[in-house]
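Shown below, as structure tokens, is a lone chain in the form predicted alone; questions about how it binds or moves come after it.
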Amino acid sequence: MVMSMSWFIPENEFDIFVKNLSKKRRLFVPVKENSIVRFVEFKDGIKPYFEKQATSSAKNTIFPQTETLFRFEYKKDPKDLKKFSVEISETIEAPETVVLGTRPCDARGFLVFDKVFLNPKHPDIYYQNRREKSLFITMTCTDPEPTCFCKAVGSSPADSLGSDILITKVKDGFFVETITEKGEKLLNELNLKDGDAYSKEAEKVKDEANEKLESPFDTKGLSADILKLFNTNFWEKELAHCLSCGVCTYLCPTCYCFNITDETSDSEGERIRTWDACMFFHFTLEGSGHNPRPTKAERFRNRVGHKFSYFPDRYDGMIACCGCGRCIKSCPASVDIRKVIIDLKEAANESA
């Protein structure tokens, strides 16, 4: 962390700011296509959409939905055709990248990924390289969605944790403040106006945004409550209308499940990593045909348990949920994880 410095961008100059960000680096911005808002690489002619939280999180900027880990080719030994060698080529270099327009929940989500993929003993070099080359410019969530519950998991609409730069919309433009050294270095390149005169207004905007949100549940004791109700019919009742479609995991900023497959053609091929979801039946299906989590209730129990019990117990209390509410907003069956947790705590108290 560095001592926060502040700048100001007049509203009519923000488009110029966006274009300047893309001159030396790859830039991702949220773009609205019909009713869907997703992060895409910025190019001339693209109009970013910053008014609302993106439909999907920004995790694809560092953790692509599909990526080739390496390519391979089998080659016969010309002197002994029964012998083969395998040549492997990999590309792990990543371009300098800026992600603009994330909300605090998006940036905070990557801290969960870091615990898993930046393990000091076994770091994921593909994720690591992208993470090191990426910079996140987050916007204060001045108009939270009705489905947002970030305060319940220890965050807020102006949380800077995980961000490099934080932007807050004020009356005449945008108040910009640095969070990390990477953020400070980038802003020093852009020759922006001093923002000290707007700092009080920005703080007021943050406070007002924070007041708009309530905390629907208390996470204290939640890990123990989940384990207490582990072998009960609570989960069947709560998940009766779930479709097991997996949209909750695909849109989630903290879900990182993946599958790896080898795709071959003749003697060549590539190893591909793709997103997967714990809500799918086949995710835990073993080669023997046995599935330790055969029902949707058991799979959702695992999803909630991982976020609020298993992950916090392993990583010093860090909750693997950022409260973005995407899983609620986009669920076709209207499963509300807030209600599930509230019901769970009540059921745990009744069984005490």
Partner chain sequence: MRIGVFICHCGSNIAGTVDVKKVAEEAKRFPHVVYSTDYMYTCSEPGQLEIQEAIKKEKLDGVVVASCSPRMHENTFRRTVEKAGLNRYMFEMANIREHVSWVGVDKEANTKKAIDLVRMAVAKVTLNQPLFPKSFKVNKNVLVIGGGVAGMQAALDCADGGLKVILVEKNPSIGGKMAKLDKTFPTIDCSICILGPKMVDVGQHENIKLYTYSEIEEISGYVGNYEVKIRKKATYVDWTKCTGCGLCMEKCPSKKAFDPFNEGIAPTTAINIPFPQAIPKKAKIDPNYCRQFIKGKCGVCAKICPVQAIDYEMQDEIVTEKVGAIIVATGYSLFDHTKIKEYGAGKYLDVITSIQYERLLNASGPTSGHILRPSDNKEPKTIVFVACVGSRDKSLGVPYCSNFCCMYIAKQAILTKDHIPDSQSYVFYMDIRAPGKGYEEFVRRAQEEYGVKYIRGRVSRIFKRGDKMVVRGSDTLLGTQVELEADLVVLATGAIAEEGARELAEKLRISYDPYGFYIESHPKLRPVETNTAGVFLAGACQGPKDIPASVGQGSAAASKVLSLFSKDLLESDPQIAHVNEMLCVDCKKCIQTCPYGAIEEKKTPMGKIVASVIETVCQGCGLCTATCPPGAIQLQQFTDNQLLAEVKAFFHA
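Positions refer to the first chain, counted from 1. Every value quoted in this text rests on a predicted model; they were computed, and no experiment measured them.
One more form of this protein, predicted in complex with the partner chain, exists but is not displayed; see below.
Contact with the partner chain in the model of the complex, defined as a heavy atom within 4.5 Å, is made by none of S6, S199 and K204.
When the partner chain is considered in the model of the complex, only one residue from K220, K171, K82, H122 comes within 4.5 Å through any heavy atom, namely K82. Note on the partner interface in the model of the complex: the residue among E214, E93, E87, D266 having a heavy atom within 4.5 angstroms of the partner chain is D266. Although the partner is absent here, K76 is a contact residue: one of its heavy atoms lies within 4.5 angstroms of the partner chain in the model of the complex. The partner chain in the model of the complex is approached by G289, whose closest heavy atom lies within 4.5 angstroms of it. Stretch-level contact analysis of 266-274, 171-179, 131-139, 154-162 against the partner chain in the model of the complex, using heavy atoms and a 4.5 Å limit, identifies 266-274.
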